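So this first bit is one chain, no partners, the form predicted alone, shown in structure tokens.
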């Protein structure tokens, strides 16, 4: 019965925790600029994430090691340190974006500018980390995040052309703004394939004491949960294609994205968007803060567990405390969270090989996985998607920034 409950909570976590400011903004920009044409990027990113999350749980269940612990042991500290720098910078930028997303949501609800919320938001996130448990972070915030299902309701009420939407699942060349098209595609892939989810997931599996009997449960959580999360992101793109594109509106600001539901849900759409983003970004901020703290604590051999009293893993608690407070500083000076989001999602794609290539080597190592090593399908799918993401990022990011 306890495993059935864990499946239920795991699915809720996946559904409620998938959508955040990165996936919403990039999907909204894609729909506004290119209609349904970039649905394939969400599908591709979701497919890759399903495989990566399943692998993360399988590694933890079989080896009793997190990804970070196994990476340092297998490849040595110098390589681990390089990965730490790359992943740490990108994850920190994403955390700034998520805290900013909470502030922008509160700005919509209260009329008070998001920069005024920076300190209060960071303190609330820190308090939840300091006083909370892993279950609270994993399940509590994600349960609140289920309000994001309202994006699906709004998209359906706008009566999309399902045939045209289906064609969008097949990659095609853009008819205009080619550089922007590929840049947005890269950003979508970065929003979908977030390495911090892997670190958080494998650490959570170890925290919950998974063993090999959890492998079937892990597949259910990864498959159904991440797929439904991708479906939510597709709903945002479809809604944006139907609302923004006919009006010629390009989504460059959070306040523009907030109009997404107003036609389909005129009475509650504006506030449902704000609440959806508030809870989704809160869940993501907690998970990212915890993932960064896990990364450093596990890599440097410190005590770590969200369920421990902070006095027993002081360096772990100190890490997330400093990270959260530092992430609030740029927001105090009014930096635009939407711009940080777009940059951080694109950089995530560019740095994916740094996180994924050693992970794939681990997943084929008999010392860690024994008879549960990757098959050819898992290796092929993830390798192809990561190669595509990296190539597109290297080509489109410089062109987009220099062109702008």
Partner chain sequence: MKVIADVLDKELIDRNGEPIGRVDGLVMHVGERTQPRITHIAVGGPALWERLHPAFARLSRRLARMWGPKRTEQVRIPWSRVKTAGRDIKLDVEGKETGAIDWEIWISRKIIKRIPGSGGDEEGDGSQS
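Positions refer to the first chain, counted from 1. Keep in mind that this is a model prediction, so the values were computed, not measured.
This next part talks about the form predicted in complex with its partner chain, which is not shown.
Trainee: Can you say which of 293 to 301, 95 to 103, 166 to 174, 189 to 197 gets within 4.5 Å of its partner chain in the predicted complex, counting heavy atoms only?
Mentor: Stretch with heavy atoms near the partner: 293 to 301.
Trainee: Mark residue 126 yes when one of its heavy atoms lies within 4.5 Å of a heavy atom of its partner chain in the predicted complex, and no otherwise.
Mentor: Yes, residue 126 sits close enough to its partner chain in the predicted complex that at least one of its heavy atoms falls within 4.5 Å.
Trainee: Wondering, does residue 131 line up within 4.5 Å of its partner chain in the predicted complex on heavy atoms?
Mentor: Within the cut-off, so yes.
Trainee: Would you please decide whether residue 207 lies within 4.5 angstroms of its partner chain in the predicted complex, comparing each non-hydrogen atom pair?
Mentor: Output for residue 207 is no: heavy atoms all beyond 4.5 Å of its partner chain.
Trainee: May I ask you to state whether residue 216 is within 4.5 Å of its partner chain in the predicted complex, using heavy atom distances?
Mentor: Judged by the heavy-atom cut-off of 4.5 Å, residue 216 is well away from its partner chain in the predicted complex.
Trainee: Just give me the single entry in 326, 89, 314, 156 that has a non-hydrogen atom within 4.5 angstroms of its partner chain in the predicted complex.
Mentor: Flagged contact: 314.
Trainee: Quick one: of 372, 379, 351, 63, which gets a non-hydrogen atom within 4.5 angstroms of its partner chain in the predicted complex?
Mentor: Checked against the cut-off, the match is 63.
Trainee: In the predicted complex, do 72, 77 and 318 all put a heavy atom within 4.5 Å of its partner chain?
Mentor: Affirmative, all three are within 4.5 Å.
Trainee: Can you name the residues of 345 to 370 that have a non-hydrogen atom within 4.5 angstroms of its partner chain in the predicted complex?
Mentor: Residues within 4.5 Å: 367, 368, 370.
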